[in-house]
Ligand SMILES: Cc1cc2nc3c(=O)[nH]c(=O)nc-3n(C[C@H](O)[C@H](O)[C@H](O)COP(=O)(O)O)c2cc1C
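The chain that follows stands alone, in the form predicted alone, written as C-alpha cells.
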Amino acid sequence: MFLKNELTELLGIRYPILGGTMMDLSLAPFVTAISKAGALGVIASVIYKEYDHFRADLRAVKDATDNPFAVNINLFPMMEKLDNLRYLEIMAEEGVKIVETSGFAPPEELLAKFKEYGFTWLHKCVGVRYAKKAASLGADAVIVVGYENGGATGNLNVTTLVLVPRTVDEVNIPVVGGGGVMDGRAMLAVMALGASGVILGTRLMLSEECPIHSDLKKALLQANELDTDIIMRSVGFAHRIWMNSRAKEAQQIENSGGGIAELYPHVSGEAAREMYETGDLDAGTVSCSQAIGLAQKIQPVEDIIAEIVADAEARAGQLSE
C-alpha cells in the first residue's frame, strides 16, 4: 500500500506521519503517545534548560516504547543561546538515531557531528531553496510546510499545494509535506502531490495527551479557518497563531510600528505556558493552522492517527475504482 514507502523504511515507522515539534509541549509523554501510535514523535530539545532533564526524557520515551522517535534541534534565533552540540552529544549517548532540524538555514556547523554519531537527518523548512540546500548537504529527508501551517511560516507565503510538488521536483530525497493536514483527505492529497509522508501539528494539539489545558482545547475546537492570522512578520519571525485578544494586541503593536520589545510580553514562552497551564485563553498566544476548523473532537493520539490512516486508505481505494 502507498503508506509503506521509502520514508517509513528510512525512519522505521509504521505510518508515514510525523508529529510536529511544539515548544513547551513536545515532552516525553506526548512524544511517546505519537510514536506508540505508529508515527514519529519528536522531542523539542529547546524546552530543556537542564541537560539532566533532557536525558531523563529521552530515557522515558525509550522505556515506554521500542518505536523510533526523534529530537528536534532548533536553529531559530533565541533569547538564550543554545548549546546544540551538547544536545547532540546526549542524544548519541542515549542511542537516539533521528535528528530533525528547523530554522532559517541548514546547520552546516553541525553536519560533522551528524555523521560522526550516525544520525538520520531530517530538515524542516518553508521554501524550495532551503530544501535544496539541505539535500545538497546530505539531509536524508526534508520537511516542508506551507503558508497554512500553524507556527513558523517564513515570509515566502507559498501554500502547501504548491510547495510540496515544487520541492519534490527539486530534490532526490523523501519529502514530508505539511500545513493544513488535519485528516485523511489532506494526507492523501499531500501524498498525491509526491510527498512520502505528512506532518501533523494542530490536529495533535487536540489530543487527550497534548499537555495544554482542556479549556484551551475546547476553545480551539470551536475555531474555524478564519480564526488564525500571521503575527511577528515585521520582526522577521512570522508565525500563524490563533487570534485571541492577546494576538490581536500584538498585531496592533506591529501595525503601529512597535518592535520585538513591545511584542515580547504578548508572544513570550512564559505567557504561552500560563495559558497552557491555567486555561486563561488570553494569557498568551498559541500556534494554530488554518485547518483548525476541520477538527471535530478531542481524542487519544492513537485514535487520531488510526482514523487519518484509515480515511486516507479508503479514499485512495475509492479513487482507484
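Sequential numbering from 1, following the sequence displayed. Only a predicted model underlies this, so the values are computations on that prediction, with no experimental measurement involved.
Note that the form predicted in complex with the ligand isn't included here; everything after this is about it.
Taken together, the three residues Ser102, Gly179 and Val286 all come within 4.5 Å of the ligand in the model of the complex, as judged by their closest heavy atom. The shortest heavy atom separation between Asn149 and the ligand in the model of the complex is within 4.5 Å. Heavy atoms of Gln251 never reach within 4.5 Å of the ligand in the model of the complex, leaving it off the interface. Put simply, Met205 is close to the ligand in the model of the complex: some heavy atom of it is within 4.5 Å. The ligand in the model of the complex comes within 4.5 Å of no heavy atom belonging to Leu163. Heavy atoms within 4.5 Å of the ligand in the model of the complex belong, among the stretches 179-187, 224-232, 165-173, 83-91, to residues of 179-187. Shown without its partner, this chain lists Ala134, Ala195, Val71, Val145 as candidates; in the model of the complex, only Val145 has a non-hydrogen atom within 4.5 angstroms of the ligand. Think of it this way: in the model of the complex, the ligand has a heavy atom of just one of Ala306, Leu10, Ile298, Met23 within 4.5 Å, and the residue is Met23. In sequence order, Ile199, Leu200, Gly201, Thr202, Met205 are the residues of 188-219 having a heavy atom within 4.5 Å of the ligand in the model of the complex; the partner itself is omitted from this view.
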